[in-house]
Structures are given as structure tokens and as C-alpha cells.
Ligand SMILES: Cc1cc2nc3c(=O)[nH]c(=O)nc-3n(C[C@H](O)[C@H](O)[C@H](O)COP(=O)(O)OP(=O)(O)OC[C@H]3O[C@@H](n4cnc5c(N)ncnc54)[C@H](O)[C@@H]3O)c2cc1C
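Before any questions on how it binds or moves, here is one chain, the form predicted on its own, in C-alpha cells.
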Amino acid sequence: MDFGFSDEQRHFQETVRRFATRRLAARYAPDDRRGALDERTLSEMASLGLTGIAIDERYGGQSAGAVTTGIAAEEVAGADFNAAYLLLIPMLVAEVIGAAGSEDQRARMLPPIADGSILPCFCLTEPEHGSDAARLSMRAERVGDEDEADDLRPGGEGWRLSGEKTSISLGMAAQTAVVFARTSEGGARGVSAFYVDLDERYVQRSAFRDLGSRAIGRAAIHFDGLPVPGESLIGGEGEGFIRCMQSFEFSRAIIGLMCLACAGAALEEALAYARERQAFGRPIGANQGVAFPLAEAATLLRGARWVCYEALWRRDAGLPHRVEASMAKWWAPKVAVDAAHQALLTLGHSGYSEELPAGQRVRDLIGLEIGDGTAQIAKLVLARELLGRAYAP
């Protein structure tokens, strides 16, 4: 059993860490205050290959394996948690296109994502359908060449998308989106996936005022009959939800590592403070009440990290990894929030100040206890895998 990275992966890890430390870390707090990611971050991450890390090199990506993608997500998130969304969301969108799209679609859609010239978002959640995404109500209505052919190119045949998506990460900045919409009745099998341009003539966006991760521009997006040509349908009609669920098995382990890396940075600051801060004539770390909670946090972060990497290793090996990905999704964000909170408490009154990033880390991490599937949904998936669907909730 090998718990180490290859020499190539270690070199890559060091490269990304240097980049993240030198370029991204200093932007973490200012971006939060401004409510938007620094405009340089996307192009700089793209120049390092991070926006296309998991995209096939035939389409301008890096063809990195799942474990290597996890390494990149860790190193970016440890320096700037919100910048890691510029790796996560393009990866999730590209996963759907790469798995379900035709060769022509992959060749046309993936290179601009890989090189960072296009920032996409992932439109699944609706105001009334978050966890119960299979019942989403946004409609894709088929239209023919009699319906404003110039809008629908070529030949005027395609679809019109109508409805609202909500809680869309990068929703305020994205130029394109994978959108899941109902093309027929029948629950999950009536949902199709489309890759679309967010044409402002037919799309209205509303920004959220969020507790954390303010820089990622979470948004509600309303589609008012957005015309979509037929070649924008990804996979077959009615295959959208299935493709979406398969993609989540990858992204949930990546999300886990993002959270753990952010909490790990908070823990390192708390450990340093516990060595330096003196009280009653000795370092505060010499007190069990300070040291033991930090030791517990370090243990839980380590354990959750290897659950995430096991899921990614199994993916690289072509093995089932739904169980491990579900474990990663509910456990890692919880462990991370708890560890970051404990780090803030260790820092005391200075940790409660916005002069340090401790509070921002807690605020940001809480968002991924909800996003991409709540703990309850992850446990439901896990229970059905462990017990069998007939014996589980």
C-alpha cells in the first residue's frame, strides 16, 4: 500500500504551491471585501494549466488524473479557497461535456475552457429543487425553423430555455453554462443537459449577499426563452441528470480536499500561535486545553484527507468510488469547519478580527457544507450503497 505521490506529482505539487503562495494568498481577503475574484487570477491559473487540468490534452487540457487534480485543488485552496472554484467549476462542466458530448462538441467547447478564455458555470439547482434535483422544473421547449431562425442557428432548429437556476457559483462572471432542463416528463429521465452562451438579451442575473465565499459571485440566473441550437444538447435527450450525477462522484472528492486544505492552513496558523503566545509564563500550547483540540483537529483532517484521496485513486484505477466520494462530501467539510473554528478560538480575540483570515475561512467553508450536495444527501447515497436501496431510506 503506497501512501505517497510520485516524483512527478510531488514536483507538480511544489510548482502549484509556489504559484499559490506568491500570487493567490495575498488576494484572499481583498477579494472577499470587494466581492469578486481578482481579474488576474483566472488568466494566471489558466497559464499554469489549472483551468483545464482534467481536460484531455487533445482539447488543450493537461490530461491530469484524478489524484493530480486533487493535488492542484489542495494547493490552490490552501492559499485562496475561493480561487479554487476556478479549477472546480470548469472541471465539473468539462466532465459533463467530455463524458457525454460528441467529438465535435468536445473539440469546439473544451479548448476555450481549458485555456481560460471562457469561464463556465454549472446550472442545476433551482429555487424549489436543490437536493431533489431530479424533479427540476426548468423547461427546454423544442422549436423549429419558423421560430426566429437567426437566433437559433443553423437552420433555426433547437430549443428555448425558460426558468430559473439559483445558487450558481461563478454565476455573475461566467460567459457560458451547462444547464439542466426538462425536455420531457418522467423525473430524472426527463432531464437533458445543454451547453449554452449566457446571452444577456435572454438571461438576467441577481447576485446573492452571502455570509462567505463572496468573491465567487454566487447568483440566481433567470432564463427568459434563451434560444439554444440543437448542437448544444450534450448527450442524448433525457441523459442530463445521469451525466450530472456521475460527474459529482469526481467533484465531491475535490471539494473535500479544497475544504481540508483551507482548514489545514488555519490549523498551521493556530499551531504557530500556540508555540509563540505566552500565558502564565509558558507557551499556551503547553496547556492540554489548547493542545488537545488542535491534536484532534489534525487527526480528523488527516483521516478525511485520505478518504478523499482514496476516492480519487479509485477513479484513476477505474474502480467504483461512489462510497468514498459520498464519505468525502459529508465528512470533509464538517471536519474542516470544526477545525477552522477551533483555530479561530485558539487565536483568541485576534482570530475574531478581520485583520486575520481565520473568520473568513470559517465563513467560506460553511458554504460547502451545503453546496454540491448536503451532508444528508451524501449520507443517503452512502446508506443506499452500503445497505442496498431496498434496505435504506
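The first residue of the shown sequence is 1; numbering continues from there. If you're wondering where the values come from, they're calculated on a predicted model, not measured in any experiment.
One more form of this protein exists, namely the form predicted together with the named molecule; it is left out here, but the text below deals with it.
Heavy atoms within 4.5 Å of the named molecule in the predicted bound form map, among the stretches 165-173, 181-189, 283-291, 309-317, onto 165-173 alone.
For the options A77, C123, A94, A266, the one in contact with the named molecule in the predicted bound form, meaning a heavy atom within 4.5 Å, is C123.
Think of it this way: in the predicted bound form, the named molecule has a heavy atom of just one of H321, R160, R218, R305 within 4.5 Å, and the residue is R218. When the named molecule is considered in the predicted bound form, G130 lines it closely, a heavy atom lying within 4.5 Å. Interface membership of T21, defined by any non-hydrogen atom within 4.5 Å of the named molecule in the predicted bound form, is ruled out. A residue is said to contact a partner when one of its heavy atoms sits within 4.5 Å of a partner heavy atom; G367 meets this definition for the named molecule in the predicted bound form. Residue contact with the named molecule in the predicted bound form: Y85 places a heavy atom within 4.5 Å of it. In this stretch, 87-105, the one residue having a heavy atom within 4.5 Å of the named molecule in the predicted bound form is I89; the partner itself is omitted from this view.
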